[in-house]
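Below, in structure tokens: the form predicted on its own, a single chain.
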């Protein structure tokens, strides 16, 4: 009961802070914060599964997030027919050739004993395969990227509803995690962290420079939405009537009909933005609730208890007959797949895909801070960490400005010290994040909502 009370109080406080933003700033800003808090919560659940359940350090969250975003592009963007005509078939052959190279190398390694001949055979397959790949894909890529480069310059996608990309993003990220896990999970914890970070950088580099696949740094804009567009809502009679009903008191105070019409038009514009963000928040909330239910069931299932046993004492679990490597690979894939879902959700909300924006500070280390602050090993704590840290990340500047104005209210507006503090507001975000993290680590070293072990 005590644990549930802590969770309820923590979430009520968090909800209250978001409501305060709506009251003192705007509901549009509050809902934007809420949407990104929900997306961050999905990311932290993925990271928490890996670290909180199994003790795996994954610094490659950025790469899985980007793959989720790429899935949104490949699923929702209509195919560029001209690009497919000039180079699509060659790119399909290139993908088949890559698969043949992989299977050939795997076949040689599995069926021949370790020797110089085997090494030469593997090297020959890779070298010949890469040469053929270059000969087939090189001209095709140039032709594809030359097709209306200002607007397209890539193959496009499948033209399906963007919600499907959330599932595809999970498969993309999970597939990459499987490959990385097969290679890197045998490494020591610190080496694993370095390896996952470097591989995520490779993923970002590929997405940024392979224009035929994702337009690279030229970005993809105007992605489809699973919710209505503001401009469409503003023309709907039912929506105009709904806004008029909600703001009836304000509109009744205006006697001039022309002024009243202008006010209603402005309210409809503002209301359409709020309505769209409410729709997004509803969709994201459904995803968070579903994942939270699943992860909670998994945490307290026999499988979850086994994972915590492996985390706490890997040697003892191995001695009891548990396949530690297999379980580590499974949970590595599951956690990464959830992060892939979050990446697709974020691109869906933004409506654009910008490979250049994926940076470790935002999409890896900030997510780790969220997990640590919330409480690793506790799903509710990880979600709360996503809310709290993102809220502070966004509201640090307004809070800093308020505090500066409050404490320097006795100084003149042209005072050099006051102006210096105001100019330094962008850096207060990092200061407040650091101070907040230090306080939590000092007084709540296991996080705001630490892991609770149920004894049956």
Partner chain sequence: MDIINAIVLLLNYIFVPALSYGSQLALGAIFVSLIYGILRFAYFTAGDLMSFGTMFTILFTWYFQSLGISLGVLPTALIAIPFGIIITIFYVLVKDKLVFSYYRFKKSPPVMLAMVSIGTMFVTQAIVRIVIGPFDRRFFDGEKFILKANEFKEITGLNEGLTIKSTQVITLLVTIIVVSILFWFLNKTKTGKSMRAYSDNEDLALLSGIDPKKVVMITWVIAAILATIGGTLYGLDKSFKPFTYFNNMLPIFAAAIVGGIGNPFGAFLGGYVIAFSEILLTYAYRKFFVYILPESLEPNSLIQLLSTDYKFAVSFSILVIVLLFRPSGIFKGKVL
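Positions refer to the first chain, counted from 1. Between two forms, the rigid core is the largest collection of C-alphas that superpose within 1.5 Å. Here the structure is a predicted model, which means the values were calculated and not measured.
What follows is about the form predicted in complex with its partner chain, which we do not show.
J.: Its partner chain is absent from this chain, but in the model of the complex, do 83, 154 and 159 each have a non-hydrogen atom within 4.5 Å of it?
T.: Per the other structure, none of 83, 154 and 159 touch its partner chain.
J.: So which of 167-175, 180-188, 325-333, 307-315 is the stretch with heavy atoms within 4.5 Å of its partner chain in the model of the complex?
T.: Only one stretch passes the 4.5 Å heavy-atom test: 180-188.
J.: With heavy atoms only and a cut-off of 4.5 Å, decide whether residue 414 touches its partner chain in the model of the complex.
T.: No, residue 414 stays farther than 4.5 Å from its partner chain in the model of the complex.
J.: Is residue 421 part of the interface with its partner chain in the model of the complex - any heavy atom within 4.5 Å?
T.: Looking in the model of the complex, residue contacts with its partner chain include residue 421, since a heavy atom lies within 4.5 Å.
J.: Taking heavy atoms and a 4.5 Å cut-off, does residue 368 contact its partner chain in the model of the complex?
T.: Because a heavy atom of residue 368 falls inside 4.5 Å of its partner chain in the model of the complex, the answer is yes.
J.: Is there any non-hydrogen atom of residue 199 lying within 4.5 Å of its partner chain in the model of the complex?
T.: Close contact exists here: in the model of the complex, residue 199 approaches its partner chain to within 4.5 Å, heavy atoms only.
J.: Between the options 147, 140, 372, 223, which residue brings a heavy atom to within 4.5 Å of its partner chain in the model of the complex?
T.: Here the answer is residue option 372.
J.: Find the only residue in 194, 274, 298, 227 having a heavy atom within 4.5 Å of its partner chain in the model of the complex.
T.: Here the answer is residue option 194.
J.: Suppose contact means any heavy atom within 4.5 Å; which members of 420-450 contact its partner chain in the model of the complex?
T.: Heavy-atom contacts to its partner chain in the model of the complex: 420, 421, 424, 427, 428, 430, 431, 433, 434, 435, 437, 438, 441, 442, 445.
J.: Once the two forms are fit on the core, has residue 388 moved its CA by at least 2 Å between the shown form and the other one?
T.: Residue 388 C-alpha, core-superposed: shift of less than 2 Å.
J.: Quick one: once the rigid core is lined up, does residue 35 have its C-alpha move by 2 Å or more between the shown form and the other one?
T.: No, residue 35 moves less than 2 Å.
J.: Using a superposition on the rigid core, decide whether the Cα position of residue 421 changes by 2 angstroms or more between the shown form and the other one.
T.: The answer is yes; the displacement is at least 2 Å.
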